[in-house]
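The data below hold one chain only, encoded as structure tokens and taken in the form predicted on its own.
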Amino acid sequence: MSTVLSPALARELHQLGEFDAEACLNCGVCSATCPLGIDLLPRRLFRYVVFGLAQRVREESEAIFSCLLCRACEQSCPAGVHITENVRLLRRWLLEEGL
């Protein structure tokens, strides 16, 4: 399967709300503090969005909907990324996409 880039993905999410995944430093602190131990969220997931890898985001829908939205990751984020709101917007996007 070939990788399909969708540069419009981040723009679509910005239209749904305040999406600030571009500010992610990809440092991994968020993954270390996740009570579920979901390594994907948010560091790799946000990179998928920034790079326009819409299919990769779709493939990770189970992890996106598994997030507790507890904000543990957000409280430890050195860049101040609104991780919980970003995950909510990704859920909304996935539902609108028919997933």
Partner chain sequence: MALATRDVVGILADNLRKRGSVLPISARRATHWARELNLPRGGETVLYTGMMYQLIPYIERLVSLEQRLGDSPLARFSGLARRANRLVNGIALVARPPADERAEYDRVPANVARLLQQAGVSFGYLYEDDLYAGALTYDLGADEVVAAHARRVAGIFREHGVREVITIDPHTTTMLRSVYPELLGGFDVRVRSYLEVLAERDLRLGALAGEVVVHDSCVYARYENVIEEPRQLLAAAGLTVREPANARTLTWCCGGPAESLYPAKAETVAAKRVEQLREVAPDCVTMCPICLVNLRKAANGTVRFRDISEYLVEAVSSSVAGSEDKRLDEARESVS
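Residue numbers count along the first chain shown, from 1. The structure presented is a predicted model; accordingly, all values stated were derived computationally and were not measured.
Not pictured, yet referred to below: the form predicted in complex with the partner chain.
So in the model of the complex, does any heavy atom of Asn26 sit within 4.5 Å of the partner chain? Looking in the model of the complex, residue contacts with the partner chain do not include Asn26, since no heavy atom lies within 4.5 Å.
Please run the contact check for Glu59 against the partner chain in the model of the complex: heavy atoms, 4.5 angstroms, yes or no? Outside the cut-off, so no.
Glu85 within 4.5 Å of the partner chain in the model of the complex, heavy atoms: Result yes; Glu85 sits at the interface with the partner chain in the model of the complex.
Report yes if any heavy atom of Ala72 sits within 4.5 Å of a heavy atom of the partner chain in the model of the complex; otherwise report no. Yes, contact at 4.5 Å.
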